[in-house]
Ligand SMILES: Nc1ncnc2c1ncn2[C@@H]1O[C@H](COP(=O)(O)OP(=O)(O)OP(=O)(O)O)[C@@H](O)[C@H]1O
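Just one chain follows, in the form predicted alone, and it is written as structure tokens.
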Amino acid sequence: MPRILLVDDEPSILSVLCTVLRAEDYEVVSASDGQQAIEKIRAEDFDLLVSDIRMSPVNGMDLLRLVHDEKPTTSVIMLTAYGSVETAIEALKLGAFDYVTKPFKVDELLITVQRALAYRNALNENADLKQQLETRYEFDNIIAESPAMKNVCEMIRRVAPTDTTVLIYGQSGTGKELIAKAIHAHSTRKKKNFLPVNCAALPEPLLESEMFGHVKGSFTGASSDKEGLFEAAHGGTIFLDEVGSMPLSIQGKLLRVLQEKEVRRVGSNKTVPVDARVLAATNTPLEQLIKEGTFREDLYYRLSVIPIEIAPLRERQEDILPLLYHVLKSETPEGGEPLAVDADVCAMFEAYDWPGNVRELENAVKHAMTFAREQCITADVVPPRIVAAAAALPGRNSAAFDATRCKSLKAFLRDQEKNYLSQVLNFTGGDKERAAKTLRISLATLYRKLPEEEE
């Protein structure tokens, strides 16, 4: 149950606030002046402070500063009868979540309280996650909370110091190149080049030239000699991404390089010795390609001396939230504070299948950060496909969920106000005068709101 500290030197206001908030099942503690509030703040923990600004000798701004310094996880709402822009801006600059002007509307106050508590919960969840991440198994930029990824990190530690050829298997977007870079970075070759080549991105003639080099005049456009990546990676590492896409003719030449430790440039009859460690990656099992006749079995055994398999993200749910926070942290400008993440968003991320794996998660977080408001990632800024997938889960009312998306704060508050007015009128049997007294607003104010309710 959320704990709220109310501070106001007007007994009538304090009594109303206590009654309203306790009716909503909040645990409420009250203080009639700022000094009394300071004692309570230092002695107890509260989720929310709701304080009047104009008090003496300790005013609401003093309490706001104290909470900001000593209890930074406590949200603060300021009450003021002097609702000037200057006062509001000063309070917000000092760290207040929001402010409410007197005389306040009950529903407006309750909605502000709910939002402040929700934001506070999101901040605390992110702080807990951050603390957990500090003790989690992390290998450079590889987040490994799941047993599968911990095993991958352990294999990296073991194979990195050797010159053994490694074959990395994983679906698209799982981070195969990141694993290859980690192996190189922890090897004795780390001060030399790490050169990647995407075997699926180049046509056969260009791929052969890119890997092995060529001599002047060997083909149209070869205006000078060019060394290939194997020569350029001498003493370092060459990473063959999507090696399963390599044409059979080039596979034979690659096999010779691995066996003889030398290359022959296109158009040349001379060989050049090379010393480059080979790391390869594929998103299609090479055993399957061997059966289909599109990959050489002898090359497969040369490449897969040490196989490392990266599980898809949907199979390692423990990594999802740590990855979410890692992306937030890495995309936050230096010295800035990472955005908070709403609890509903965390649930959506954990429930989603992530067919695009880590790459898709990174893009989703960057999308959400672009459109986030109030320093918090909420459901309305998450990519629609993720929200739709979460809404379709058993037990979630997808129609109601979709209806609340992309709604402005003003529209949300208006709907809440309509609902609350309707409830109070039902409670009073349609007696508008009694409803106005219950709402603590004038009868004229109630009548002004009724046409809006009926539209």
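Numbers for residues come from their place in the sequence shown, where the first is 1. Just so it is clear, the structure is predicted and the values come from calculations on it, not from any experiment.
The same protein also has a form predicted together with this ligand, omitted here; what follows describes it.
- Contact annotation: of the candidates 267, 95, 383, 173, the single residue with a non-hydrogen atom within 4.5 angstroms of this ligand in the predicted complex is 173.
- Interface residue among 286, 143, 320, 340 relative to this ligand in the predicted complex, by the heavy atom within 4.5 Å criterion: 143.
- Residues placing heavy atoms within 4.5 Å of this ligand in the predicted complex fall in a single listed stretch, namely 355-363, out of 355-363, 104-112, 257-265, 291-299.
- Although the partner is absent here, residue 184 sits far enough away that none of its heavy atoms falls within 4.5 Å of this ligand in the predicted complex.
- In the predicted complex, this ligand sits within 4.5 Å of a heavy atom of residue 177.
- At a distance threshold of 4.5 angstroms between non-hydrogen atoms, residue 189 is out of contact with this ligand in the predicted complex.
- Although the partner is absent here, residue 91 sits far enough away that none of its heavy atoms falls within 4.5 Å of this ligand in the predicted complex.
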